[in-house]
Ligand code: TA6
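This document starts with one chain, in the form predicted on its own, laid out as structure tokens.
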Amino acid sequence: MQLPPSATLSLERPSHPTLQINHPAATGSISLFGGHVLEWTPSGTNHPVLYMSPDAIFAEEKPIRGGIPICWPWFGPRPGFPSHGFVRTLLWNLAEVSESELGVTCRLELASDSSTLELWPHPFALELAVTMGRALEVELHMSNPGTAHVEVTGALHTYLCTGAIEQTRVIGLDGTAYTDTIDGNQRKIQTGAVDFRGEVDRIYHSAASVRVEDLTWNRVLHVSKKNSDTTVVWNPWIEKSQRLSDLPDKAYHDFLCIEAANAGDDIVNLGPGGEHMLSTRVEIL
């Protein structure tokens, strides 16, 4: 495949071929391992937008910590199976890269095979479309080429950089019901902004866009989505950061996750030949 001038394919890590983007509108990178957006920084900003753990492990069968992992065809733990599904630890195919004066669009593909059918006995076809410019747009297209109905959940597990988590808040979820997985999966109602004074792991039952207000960097991120009725907000805080081997002990200061999700009761039913598209968009206001 002939790549446009703003894109190069790096084989520095042979098991993780990486598409590097260097365009006047933005820089970034996408790993073909996992179809994983690693970095995106629009021109004119002093701070990266996506958080990548400096201790991330780039090894086969190990998910990459940071960026935007793809959770699919299930979200969360499943006893005896990989947490958050298996597509984030498979090698995707680079199908197309194009550029314009506005940015770069990349298209990756992944289809079921004998190894995936052992984990999940359903044929599937996935396409990931990533556009990097003044905004970052990520679309996960899924289709069911089989003859049976299939139920799936998933998420675009976006890690966002922050100057200091204690000085960061999420606006747009006031009055929204959520499931608090830290507190025994209790159902609660959000009051005001979401702030961070301890571990947060919540599934908000909301299709709304949110703003991430970062008082340290004086920056506001707008995070929107499509075809998602759940938004996951996560920060591991102190003890969980210390337990995660691919995350520095104090990394919880530096990021939060805002995930466009189909999770909980927000289940996608794909009939024979059925399709669904889950997307997220991030931009600096």
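This is a predicted model, so every value here is computed, not measured. Numbering starts at 1 and follows the sequence shown.
Below: the form predicted together with this ligand, not depicted.
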{"item": "Heavy atom of each of 166, 214 and 222 within 4.5 Å of this ligand in the predicted bound form", "value": "no"}
{"item": "Listed residue that, although this ligand is not shown, lies within 4.5 Å of it in the predicted bound form (heavy atoms), from 137, 99, 127, 201", "value": "201"}
{"item": "Listed residue that, although this ligand is not shown, lies within 4.5 Å of it in the predicted bound form (heavy atoms), from 37, 70, 26, 232", "value": "232"}
{"item": "Contact segment among 214-222, 42-50, 27-35, 232-240, judged by heavy atoms lying within 4.5 Å of this ligand in the predicted bound form", "value": "232-240"}
{"item": "4.5 Å heavy atom contact, residue 178 and this ligand in the predicted bound form", "value": "no"}
{"item": "Partner contact for residue 93 in the predicted bound form: this ligand, 4.5 angstroms, heavy atom", "value": "no"}
{"item": "In the predicted bound form, residue 83 touching this ligand (heavy atom, 4.5 Å)", "value": "yes"}
{"item": "Contact of residue 74 with this ligand in the predicted bound form (heavy atom, 4.5 Å)", "value": "no"}
{"item": "This ligand in the predicted bound form - contacting residues of 247-285, heavy atom within 4.5 Å", "value": "259"}
